[in-house]
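Presented as structure tokens, the chain that follows is alone, the form predicted on its own.
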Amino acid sequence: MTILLYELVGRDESRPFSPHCWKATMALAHKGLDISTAPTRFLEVPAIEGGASKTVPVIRDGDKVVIDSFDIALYLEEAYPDRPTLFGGDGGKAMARFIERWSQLTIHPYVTTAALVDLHAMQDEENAVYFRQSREQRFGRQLEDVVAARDAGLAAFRTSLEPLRSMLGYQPFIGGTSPLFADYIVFGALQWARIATPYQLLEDSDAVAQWFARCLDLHGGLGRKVAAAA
């Protein structure tokens, strides 16, 4: 049975950009499951699956609807135990929870700073109005003023990745010799930036950038099927 994935898009349906949807996409590929996708714009989210969620990703697997990327991964692990593991046991689930919080508190704020104007430009007219209004209300200033701080914050952002960079000196993936859901969490954040903005967050020689390239190549180069922002 094919699993339906609702994923966030802008004007161009072929360029899903949400970090959380990419986590789910990679988790589904890791499990080797057949999927179909439902491209969904911001203003369409409240109507999916009868109002099941205010955010995406959402999946439908037969009669089962699951929301939230982490809950989707937990569901896939339980529903398809014969497929490759996303966590490698309860310890891996606990580790992934830490990685999720670290990513959302360390990587997501800077990606937002770097890409906010570009993300706005990706939306169609109606969703661009929503995006600007909601984000300017959240940040208390214009989108352009938020992005103006990205150059000043770049060095600190790169330094903040040192724990990951140092760990990658010991092993090729966060999960060890092969990726786990913890890898897809951080991958999703950097893939969000890659698709949304041409602004270079990392030097090509950075171990984190090299790890990200390895993740892009996973599952038949799934991450590369959406081109980087030009």
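Residue indices: 1-based, along the sequence shown. As the structure is a computational prediction, the values presented were derived from the model and not from experiment.
The protein also exists as the form predicted together with another copy of the chain; that form is not presented, and the subsequent description refers to it.
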Can you check 51-59, 34-42, 167-175, 189-197 and let me know which stretch has heavy atoms within 4.5 Å of another copy of the chain in the model of the complex? 167-175
Site test, Tyr110, Phe131 and Glu136 vs another copy of the chain in the model of the complex, non-hydrogen atom cutoff 4.5 Å: no
Would you check, heavy atoms only and a 4.5 Å threshold, whether Asp204 touches another copy of the chain in the model of the complex? no
Test of understanding: in the model of the complex, would Phe87 fall inside 4.5 Å of another copy of the chain by heavy atoms? yes
Does another copy of the chain get within 4.5 angstroms of any non-hydrogen atom of Pro46 in the model of the complex? no
Contact between Arg141 and another copy of the chain in the model of the complex at 4.5 Å, heavy atoms? no
Taking another copy of the chain in the model of the complex and a 4.5 Å non-hydrogen atom cutoff, the residues of 60-99 making contact are Phe87, Gly88, Gly89, Asp90, Gly91, Gly92, Ala94, Met95, Ala96, Arg97, Phe98, Ile99
